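The chain below stands alone, shown as structure tokens; this is the form predicted alone.
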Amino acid sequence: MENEVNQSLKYWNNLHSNYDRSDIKYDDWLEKFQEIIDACKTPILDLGCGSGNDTLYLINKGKKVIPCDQSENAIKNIKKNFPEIFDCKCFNMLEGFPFPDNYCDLIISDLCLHYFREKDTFKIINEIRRILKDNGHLIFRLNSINDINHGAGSGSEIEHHLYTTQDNRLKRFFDEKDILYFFKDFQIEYLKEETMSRYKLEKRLYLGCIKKY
């Protein structure tokens, strides 16, 4: 377990070594939920913010954002590239979220919830539920089991749809049944398998919007 966490942190720190704001690109996946984003009165949490793709999108929409990531390098770059950000957080989601109960109306999770064992995935989802206000939303993208260009079905399967990568990290792929299982305590408002073209090879993923009730 500790080795998996260390390998993950090493991987993401290397990936986010250095980049400038002009290098950051985003796609339009959040456009579908613009009404929810516009209605949000609290800061929006950008979980697994990485280089800041979604942070940049939300800033351009005039929203207050709190970028969050486990990678110190990612947060270092966020602070450099987004001086207008009033707060950002560097933390391991497995150790809990540094926010009080019922803190925010909206959380964005773009391709960051599929690197964990089942018990840890539930632990993270329970933290998301804890800090969301009633009727608050989580908008997410998750790896699809059909995402063969990006590792679906590759490596050793250590849990249902959870695989080890060549560098000893974990990577989970979801089908609709998996998503309904993990998010059973939320109301599903939107869920659809789609494709993304940000990467060199097409990526298949699930796009979802769920509400705390």
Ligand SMILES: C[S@@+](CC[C@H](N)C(=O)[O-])C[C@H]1O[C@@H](n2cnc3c(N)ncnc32)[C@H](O)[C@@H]1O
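Values in this document were obtained by computation on a predicted structure and should not be read as measured data. Numbering starts at 1 and runs along the sequence shown.
A second form of this protein, the form predicted in complex with this ligand, is not displayed here; the remarks below concern that form.
Item to complete: Report the stretch among 31-39, 51-59, 150-158, 182-190 that approaches this ligand in the predicted bound form to within 4.5 Å, counting heavy atoms only.
Response: In short, 51-59.
Item to complete: Can you work out whether this ligand is within 4.5 angstroms of a heavy atom in all three of 22, 76 and 81 in the predicted bound form?
Response: Heavy-atom distance to this ligand in the predicted bound form: none of the three under 4.5 Å.
Worksheet item: Considering 106, 88, 112, 128, which brings a non-hydrogen atom within 4.5 Å of this ligand in the predicted bound form?
Response: Among 106, 88, 112, 128, a heavy atom within 4.5 Å of this ligand in the predicted bound form occurs only for 112.
Discussion item. Please tell me whether any heavy atom belonging to residue 116 falls inside 4.5 Å of a heavy atom of this ligand, as the geometry stands in the predicted bound form.
Written reply: Yes.
Discussion item. Can you tell me if residue 142 lies within 4.5 angstroms of this ligand in the predicted bound form, counting non-hydrogen atoms only?
Written reply: The answer is no: residue 142 has no heavy atom within 4.5 Å of this ligand.
Discussion item. Taking this ligand as it sits in the predicted bound form, is residue 135 near enough to touch it, meaning that at least one heavy atom pair lies within 4.5 angstroms?
Written reply: Taking the distances in the predicted bound form, the answer for residue 135 is no, it never comes within 4.5 Å of this ligand.
Discussion item. Is it the case that residue 71, even though its partner is missing from this view, gets within 4.5 Å of this ligand in the predicted bound form, heavy atoms only?
Written reply: Yes, residue 71 lies within 4.5 Å of this ligand in the predicted bound form.
Item to complete: Could you run down 7-23 and flag each residue that has a heavy atom within 4.5 Å of this ligand in the predicted bound form?
Response: The stretch touches the partner through 8, 12, 16.
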